[in-house]
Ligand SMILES: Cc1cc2nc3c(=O)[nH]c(=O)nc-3n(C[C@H](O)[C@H](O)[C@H](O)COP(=O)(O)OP(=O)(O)OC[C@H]3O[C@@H](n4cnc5c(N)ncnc54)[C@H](O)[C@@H]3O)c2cc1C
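Form predicted on its own, single chain, as structure tokens, below.
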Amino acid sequence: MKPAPFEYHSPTSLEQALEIKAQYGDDAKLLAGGQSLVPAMNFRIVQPGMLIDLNRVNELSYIHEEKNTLRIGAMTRERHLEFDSSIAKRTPLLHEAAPFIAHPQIRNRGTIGGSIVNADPAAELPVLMLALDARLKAQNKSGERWIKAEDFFVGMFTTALEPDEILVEIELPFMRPRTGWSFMEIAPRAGDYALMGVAALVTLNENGRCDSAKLVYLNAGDGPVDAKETAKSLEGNLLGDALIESAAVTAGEKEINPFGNVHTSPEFQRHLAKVLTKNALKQSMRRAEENKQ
């Protein structure tokens, strides 16, 4: 298949890109890594009248620490999440999950901003943004605004970005002391879309009880699914086997809404969610006990 005809612009600055986006709005699609957009265009699922190629906008590619946060440019390649020392030290959950994103060849081209804006319910990065309490900076010709990850993803392949806005930066808080993490997913083959996955964070207080927890699932609904009720049930408690088992049941039966697909049924996805929840919580708890600095 060939894409439908379109105009093409390759700006060299964010200012130029914002000018073009303001002019064309929804009719203009942004080309970042192109790992999702280009196949969709070839199958004519998406037929933009204008393509704005951001690959020459070098100012949007960076990872640096600022106060107690990591700042990541939207055009940063996914492969850098695997190898950057700041990511490994400050947000180890993101570092651990990065190799699960598709295949190395795709991570070499795919960008963190492109995956987030695509908002695929089966993608890892939207789930990680929610789990890590990310803030996302959107910009247009008139100014900028920050959007919390919980408000950014509004449905399947849909975000809170306005037609004239571009996602330019991701802000992640440093992981808290006494916090453990885990990312687990099950896929038919390495690099394939996961049948089910979960990102978990557990922070313990000085007495070894759960101070706070986070459980966010992929391919479990029409976007990343934040299991708030399950996480709340863990707070203030020692995470023993019985409580973890109960949490897994609550998440798997009440909080996710998997659709199933040609590879699996919703019932099996719920089973996988329960198994992954138990394993991820146990791993997170062990790491939290080790991470007491």
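Predicted model, so just to flag it, every value in this text is computed and none were measured. Residue indices: 1-based, along the sequence shown.
We do not show the form predicted together with the named molecule, though everything after this point is about it.
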item: 4.5 Å heavy atom contact with the named molecule in the model of the complex for all of 95, 206 and 238; value: no
item: Selected contact from 201, 195, 166, 87, since only one has a non-hydrogen atom within 4.5 angstroms of the named molecule in the model of the complex; value: 166
item: Among the candidates 210, 123, 129, 72, the residue which, in the model of the complex, approaches the named molecule to within 4.5 Å (heavy atoms); value: 123
item: Segment assignment from 175 to 183, 141 to 149, 87 to 95, 72 to 80: heavy atom within 4.5 Å of the named molecule in the model of the complex; value: 72 to 80
item: Exercise: residue 191 in contact with the named molecule in the model of the complex, heavy atom 4.5 Å; value: yes
item: Proximity of residue 36 to the named molecule in the model of the complex, heavy atoms at 4.5 Å; value: yes
item: Contact of residue 134 with the named molecule in the model of the complex (heavy atom, 4.5 Å); value: no
item: Heavy atom of residue 231 within 4.5 Å of the named molecule in the model of the complex; value: no
item: In the model of the complex: members of 20 to 34 within 4.5 Å of the named molecule, any heavy atom; value: 29, 30, 31, 32, 33, 34
